[in-house]
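There is one chain below, alone, in structure tokens, taken in the form predicted on its own.
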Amino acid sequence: MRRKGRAAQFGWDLVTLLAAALFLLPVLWVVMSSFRPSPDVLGGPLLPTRLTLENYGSLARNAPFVTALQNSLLVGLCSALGALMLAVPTAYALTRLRFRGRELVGTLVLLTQMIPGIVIVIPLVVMMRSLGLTNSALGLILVHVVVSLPITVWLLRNYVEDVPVALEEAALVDGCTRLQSVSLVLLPLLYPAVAAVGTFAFVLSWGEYLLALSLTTTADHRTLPLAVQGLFSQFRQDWGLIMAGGVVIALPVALLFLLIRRFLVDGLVSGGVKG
């Protein structure tokens, strides 16, 4: 029995390593290629023989790319803040308050997350154009808040459910109003979760491409994914520069996910455990 158990464990480990290799090898190739001269990326040996930082230097001197980086930071931070300002009270209402249609609203919030993004692109673009908010950071921030709001509400709802109601009831007995019990008792306990969910909303905005492409036509308002697309030329591709652009987009996202992964997993799993 012990030998069968070890064989099964070895099989699971082998499958896990293969899956990790399938996922990581393209990522490692992109990172490695970003440090290679462009002719070596497709025409050189598989393993690099020359390494250079020139690709990153070229990006730093590329004014449209730097502008796009600043735009992505502005839109991402404002989108995350806007999503949290709406998600926290919504998650609290869906968890703590009793009103008709509460479960229906909660189900609809989750259902909107299942709808393919392409379905909502056209109505959002039409609305932004009617409001005169195309080619503006404000328009992009608003649509990113709309897109990230369902998942942020759902994650925060699970975290609020984990906080014992008795703590807020004790505050009410001591004379606090409901708003005071939320601000003085509940919110301090939710700070780590709020930070994690806000980071997740920032990541969603940081890598969003389709809405940014639909709402932005001028170079001054482009975000980072569109700037990387602009690195492609009709006549000649600088693959080293393109790979460096991909690393600049992916690196902050990877680092942020490493910081918040435990909170996100807890938030996603807790809802499933409760059913």
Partner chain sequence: MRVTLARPPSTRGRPRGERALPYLLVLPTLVLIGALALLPLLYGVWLSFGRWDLLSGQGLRVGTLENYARLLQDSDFWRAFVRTLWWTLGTVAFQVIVGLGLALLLNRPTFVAEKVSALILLPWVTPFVVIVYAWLLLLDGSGGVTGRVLAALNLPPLSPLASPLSAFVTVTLISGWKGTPFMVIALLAALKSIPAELYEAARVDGATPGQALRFVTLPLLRNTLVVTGLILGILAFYNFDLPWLMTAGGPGEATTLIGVAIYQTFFIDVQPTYAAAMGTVMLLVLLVLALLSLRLRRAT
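Quick caveat: nothing in here was measured; it's all calculated off a predicted structure. Positions refer to the first chain, counted from 1.
What comes next is about the form predicted together with its partner chain, which is not displayed.
A single residue from the set Pro188, Pro116, Gly175, Gly132 has any heavy atom within 4.5 angstroms of its partner chain in the predicted bound form; that residue is Pro116. Checked against its partner chain in the predicted bound form, the candidates Ala137, Val105, Ala195, Leu77 yield a single residue with a heavy atom inside 4.5 Å, and that residue is Val105. Taken together, the three residues Ala93, Leu213 and Ala250 all lie with some non-hydrogen atom within 4.5 angstroms of its partner chain in the predicted bound form. Under a 4.5 angstroms non-hydrogen atom cutoff, its partner chain in the predicted bound form has Val228 among its neighbouring residues. Taking the partner from elsewhere, Trp239 is found to have a heavy atom lying within 4.5 Å of its partner chain in the predicted bound form. For the chain shown alone, Leu155 is not a contact residue for its partner chain in the predicted bound form, no non-hydrogen atom being within 4.5 angstroms. Although the partner is absent here, Asn55 lies well away from its partner chain in the predicted bound form, with no heavy atom inside 4.5 Å. Looking at 159 to 184, the residues that come within 4.5 Å of its partner chain in the predicted bound form, counting any heavy atom, are Val165, Glu168, Glu169, Leu172, Arg178.
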